[in-house]
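Below you will find one chain, with nothing else, as structure tokens; this is the form predicted on its own, and questions on how it binds or moves follow later.
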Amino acid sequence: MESDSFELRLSRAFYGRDTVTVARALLGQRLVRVTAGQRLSGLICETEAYRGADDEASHAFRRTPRSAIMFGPPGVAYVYFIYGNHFCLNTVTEDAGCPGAVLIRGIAPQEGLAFMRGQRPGVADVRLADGPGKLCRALNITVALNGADLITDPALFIETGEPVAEHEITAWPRIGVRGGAETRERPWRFVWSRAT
């Protein structure tokens, strides 16, 4: 297993910005999960931004015990269980008290493919982590990591990856969100075309 180099990790200041800005900026960064003595990683290739009271699609539209983490400090993992079947990984954004989070929707796997294949047998490598639930299954991410500090946690963090050219990013409406037409049509899903 490669040693963790803290200077490669994204800083708290990276996350403590406007949520939509962070969602775009996360493309090309390297998501890292250390589990069972192995380092697993992949370049982030799809994200979605979620804000607070101005975003009906967000868990933080109304503050609840589950969404309270989105009101906390930036750079913390928000992991939740959905549809009784999948975990989803988010990074908290904005300043504490101003809720926001970015859903990591997909990565292009780089390290630990054998482990990921074991988690998702019979799936082509390009499909191992191309959705939020698939990503969490491939990397063994569960609610046990909810609240993990991505700046210091040894098991889950994001490192500086590679720059993504603006012309390689496409913005789309978010998938399967609730709320009025304006909320549903916000182009807050970002896809890195070269990685998909």
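So that there is no doubt, residue numbering starts at 1 and follows the sequence shown. From a predicted model like this one, the values you see are computed outputs, not experimental measurements.
Keep in mind that the form predicted in complex with the DNA is not shown, yet the notes after this line are about it.
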The DNA contact at Ala77 in the predicted bound form, heavy atom, 4.5 Å: no
Partner contact for His86 in the predicted bound form: the DNA, 4.5 angstroms, heavy atom: yes
Exercise: Thr142 in contact with the DNA in the predicted bound form, heavy atom 4.5 Å: no
Partner proximity in the predicted bound form: Arg120 to the DNA, non-hydrogen atom cutoff 4.5 Å: yes
Heavy atom of each of Leu10, Val22 and Ile44 within 4.5 Å of the DNA in the predicted bound form: no
Stretch from 163 to 171, 28 to 36, 50 to 58, 147 to 155 whose residues place a heavy atom within 4.5 Å of the DNA in the predicted bound form: 50 to 58
Within 4.5 Å of the DNA in the predicted bound form: residues from 94 to 131 (heavy atom criterion): Leu103, Arg105, Arg120, Gly131
